[in-house]
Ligand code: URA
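Only one chain is included here, represented as structure tokens and corresponding to the form predicted alone.
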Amino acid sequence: MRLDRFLSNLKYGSRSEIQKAIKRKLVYVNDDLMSDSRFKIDPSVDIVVFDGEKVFYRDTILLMLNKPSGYLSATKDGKEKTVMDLIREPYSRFDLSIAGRLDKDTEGLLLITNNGKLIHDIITPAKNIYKKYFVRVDSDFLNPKVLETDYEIMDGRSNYYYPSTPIVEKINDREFYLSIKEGKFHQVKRMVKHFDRSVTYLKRVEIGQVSLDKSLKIGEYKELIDYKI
């Protein structure tokens, strides 16, 4: 990859600004001062230093975030806070996207990555990757297993559909775990509402084989290096 493209992709400036930085002798590769912005590098091997700062790079970034309530699952929004506002350098320099969104008032496990294939694998129901939620409802739900039966609810476009059979694990009369393969708009809330209950608290705790790290406080995140979805 060209040096100027590499640095520009990581938001160190436009290509013309990178060229100016090189002329100002601010860019090194493997301790060699650079004079040509077109110099080819291998980002996974070469060490790049920009204005005294070693440039952090990974081909694939995967972050686990313990999402707080009140944040939109969006890369940006002109009016409201988004989960990306919680991400700091060096990760904020990457073009990150959300792998399976959560409602604004829902907490818990959110995976953020720059890997498009990984996002597709996580959100596509055909991949059979379950998302597990802790659910609390407003009144006694003695048999939440009825959520595993066949019934219709609406999606985000006001069309009726049959949700795929979930997995229900009862905790007590008002709390249970619900695992689903899909991620339709307000799906968990609409499934529960179909049986005349309302969700008062919702938290995602697992995506596939990835479980929310209990040591992560609300709003904190960490990078996952060795993982299996």
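In this text the structure is predicted, and so the values were computed from the model without any measurement. From 1 onward, residues are counted along the sequence shown.
The same protein has a further form, the form predicted together with this ligand, not shown here; the description that follows concerns it.
Just one listed stretch, out of 163-171, 27-35, 181-189, 49-57, contacts this ligand in the model of the complex at the 4.5 Å heavy atom level, and that stretch is 181-189. A heavy atom within 4.5 Å of this ligand in the model of the complex is found for exactly one of 102, 98, 83, 122: 102. When this ligand is considered in the model of the complex, only one residue from 133, 71, 94, 141 comes within 4.5 Å through any heavy atom, namely 133.
Contact annotation: residue 202 falls within 4.5 Å of this ligand in the model of the complex, judged by heavy atom distances.
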